[in-house]
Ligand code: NAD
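Just the one chain here, laid out as structure tokens, in the form predicted on its own.
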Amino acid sequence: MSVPSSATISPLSNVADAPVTVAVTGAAGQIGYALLFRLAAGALLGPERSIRLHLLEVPQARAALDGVIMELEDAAFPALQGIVATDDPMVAFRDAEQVFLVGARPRGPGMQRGDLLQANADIFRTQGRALDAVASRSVRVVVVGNPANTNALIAQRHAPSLDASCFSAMTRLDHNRALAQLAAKLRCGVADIRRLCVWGNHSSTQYPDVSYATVAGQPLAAQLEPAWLEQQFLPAVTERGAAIIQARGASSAASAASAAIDHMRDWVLGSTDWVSMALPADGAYDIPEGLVYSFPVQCSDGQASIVRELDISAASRERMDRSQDELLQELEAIRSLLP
């Protein structure tokens, strides 16, 4: 089936409520593929809430996207009202209420991090401008494509008519990985662990912090050996992506898609615990304003609010500053491309 750039698949549902428009970029990629079927099944807003998917892909991936659309049709999801497939961000983001910016330029042979930042700046500058022009004024945007924090900063800075709070980058995968490591060590369920957080950049400088965490209502750090936290826990979380690539020959896709849904669902519907989200900094914890930096966050009424006035130890501050410094270096690499 050939799908023109602005074609809409006929409705597949009799759900009566007005559908929510959810846009996904890089829709034919591995993470996009894992994400779309869960969105269509209701993992984001619930199976009783209808959605319309707007899917953005580069022209050379349109044939693959056609195949994904066929599968979405064949699955006959009751809540899926329709699909728009396009290579034009102005079409993809029109009236979008929730946006997953998944597609990004991967690092090629011989590319330095600065080269990668420059290549992605063009993509996210274009997408930011399109969001500014046509998205819902209350849109919520999560950047998944790496380097996610700085890509989110680029998109946000090129969308001046949207509030900065509309933009975020995903560190929920790091948060979920940390939960899983701790639950395995403590032989408890992940839901028993609360008040975990990840600070900083979605990179090797991130800081999964257990200083405030509890398990079954008791302080968590007191139940673990400091040597295990330093020598096993932190490396296991920060190096998990590389371990998955080594094991399966491909980067994490299903877990990244699941984390992206967790991130957006809590943002929209609210969270009962702290979650980790990279948000435009507002001066909290002395992080320079404007950097997209991961904080402990609580979500309610559709808003994500930084958990404030936590006591930060000297050891934690050192790790937080290391991630901040990396983000400042990334900012310098693309500063000339910002408005």
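The first residue of the sequence shown is number 1, and the count goes up from there. Keep in mind that what you see is a predicted model, and the values were worked out from it rather than measured.
This protein has a second form, the form predicted in complex with the ligand, left out of what is shown; the following refers to that one.
- Proximity of residue 29 to the ligand in the predicted bound form: non-hydrogen atoms within 4.5 Å are present.
- The ligand in the predicted bound form comes within 4.5 Å of a heavy atom belonging to residue 127.
- Among residues of the shown chain, residue 173 is one whose heavy atoms approach the ligand to within 4.5 Å in the predicted bound form.
- Within this chain, residue 157 is remote from the site of the ligand in the predicted bound form, having no heavy atom within 4.5 Å.
- Proximity to the ligand in the predicted bound form, defined as a heavy atom within 4.5 Å, holds among 205, 146, 181, 223 only for 146.
- Contact with the ligand in the predicted bound form, defined as a heavy atom within 4.5 Å, holds for exactly one of 194, 94, 105, 185, namely 105.
- Heavy atoms within 4.5 Å of the ligand in the predicted bound form are found in exactly one of 133 to 141, 245 to 253, 207 to 215, 76 to 84, that being 245 to 253.
- In the predicted bound form, the residues of 50 to 68 lying within 4.5 Å of the ligand by at least one heavy atom are, in order, 56, 57, 58, 61.
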